[in-house]
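The chain below stands alone and is given in structure tokens; this is the form predicted on its own.
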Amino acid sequence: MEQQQQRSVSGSSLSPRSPSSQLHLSVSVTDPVKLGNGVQAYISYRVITKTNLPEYQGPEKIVIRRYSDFVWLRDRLFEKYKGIFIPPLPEKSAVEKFRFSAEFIEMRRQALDIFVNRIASHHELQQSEDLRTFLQADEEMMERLRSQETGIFKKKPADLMQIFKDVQSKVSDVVLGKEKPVEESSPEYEKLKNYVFELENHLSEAQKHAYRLVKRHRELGQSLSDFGKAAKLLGACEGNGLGKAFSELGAKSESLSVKLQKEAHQLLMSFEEPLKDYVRAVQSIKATIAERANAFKQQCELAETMKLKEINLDKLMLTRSDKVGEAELEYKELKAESEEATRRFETIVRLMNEEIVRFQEQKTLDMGIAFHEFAKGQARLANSIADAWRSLLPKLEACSSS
């Protein structure tokens, strides 16, 4: 029955071909608006949800959300869904002058839309109570929930510094041989880690060069614009055919400049940003790997402690100590805790195995689209440039021959 009632999710609109009986959940992040002034300024977004799922309040809900609300949702899911790759958020801009530029705002809106739709399309995450809260609660409720949030994400800088010092101390102990690292060493786990780290390196390198391509398009566009103005001024100084040819050359240069700037923006949104998004996605996978490592370590430590408790219990039973009852109770509680830790670790492993397959399938699809759009855009731009210059050749040849 559950398989028959598949939940379909689209990025921004419901498919008109979907049968009315099919369960659906559609979310879109739209209409970014700047609110407040100075350091208190922020961008708000309209989040529109369309669904026929019975657990939601109605077929359509519109709420206002800000970036920190999306952070709240991500953090809640990360705490509750161990083993699942939580979709990444776009990073905050550290440069004040870029925070409210039209391009940055649109890039963030697009990234937030992708973020929430990845959650809504995930068979486990879409059932989250926190997702329903995010999509339906009013702004006052969201503000209260954010203020109540606890955990590492809300720790003060001093607390975070102590965490880093503890980690540093732990690493030093391992290096100096004071403590042996407790680490999983199965071939499948090593293969997964190597794949993730290599993928991050290759994606980061590709994204870096995509950034340079965008920059090059913009610089060439600006140079053509400047050259076009100069050529038109030169044409105004000349008379007859030569002046007209120079003026047309300047006009074509300015026209091509506009096309290059448009293509640069398209390249940014449909090529560089998807690559950057997957760099962030790999970082989310690494966070899940860290959770798996912690779960494995806890399982091993509890198993070791349980052995020591068992040895102690045997000694007490041999000496017929009056502390046997208390020791038996402690052992029983520790055994239950150890079994729970084992189950938790095994669940994380199972979920990660499922998640990596899903991630690779989605990556293949998304990267295929991104590289196809890149090649198509470059071909379109090359043809436009060639046609523009070709159209000028007869007039320029006539001037040079005369």
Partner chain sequence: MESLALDDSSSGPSLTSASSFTDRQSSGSQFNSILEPPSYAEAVFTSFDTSSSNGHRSPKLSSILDPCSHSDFLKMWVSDPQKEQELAPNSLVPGGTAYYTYLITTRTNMPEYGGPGSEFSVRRRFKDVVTLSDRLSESYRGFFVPVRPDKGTVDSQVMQMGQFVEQRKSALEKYLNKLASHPVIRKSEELRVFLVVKGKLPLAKSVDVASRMLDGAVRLPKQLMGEVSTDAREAWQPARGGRDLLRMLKELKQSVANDWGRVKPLLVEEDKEFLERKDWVVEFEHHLSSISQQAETLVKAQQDMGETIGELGLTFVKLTKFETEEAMFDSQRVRVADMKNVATAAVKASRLYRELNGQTVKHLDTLHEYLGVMLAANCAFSDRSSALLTVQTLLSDLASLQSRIEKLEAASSKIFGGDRSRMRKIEELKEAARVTEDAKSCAVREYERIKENNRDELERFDRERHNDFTDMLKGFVLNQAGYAEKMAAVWENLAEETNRYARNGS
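Numbering follows the first chain given and starts at 1. It should be emphasised that the depicted structure is a prediction, and the values quoted were computed from it without experimental measurement.
There is also a form predicted in complex with the partner chain; it is not shown, and the following applies to it.
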Every residue of V33, L308 and N312 near the partner chain in the predicted bound form, heavy atom within 4.5 Å: no
Find out whether any non-hydrogen atom of I369 is located within 4.5 angstroms of the partner chain in the predicted bound form, and reply yes or no. yes
Since only the chain is shown here, I'm wondering whether R216 would be in contact with the partner chain in the predicted bound form (any heavy atom pair within 4.5 Å). yes
Even though the partner isn't displayed, in the predicted bound form is V39 close enough to the partner chain, meaning a heavy atom within 4.5 Å? no
Give a yes/no on whether F374 approaches the partner chain to within 4.5 Å in the predicted bound form, heavy atoms considered. yes
In the predicted bound form, the residue from D226, E79, E301, D113 that sits within 4.5 Å of the partner chain by heavy atoms: D226
Though the partner chain is not shown, can you say which of H209, K323, K332, K92 has a heavy atom within 4.5 Å of it in the predicted bound form? H209
Tell me the stretch among 350 to 358, 63 to 71, 334 to 342, 45 to 53 that has any heavy atom within 4.5 angstroms of the partner chain in the predicted bound form. 350 to 358
What residues of 228 to 259, in sequence order, lie within 4.5 Å of the partner chain in the predicted bound form by heavy atom? A230, A231, L233, L234, C237, E238, L242, A245, F246, L249
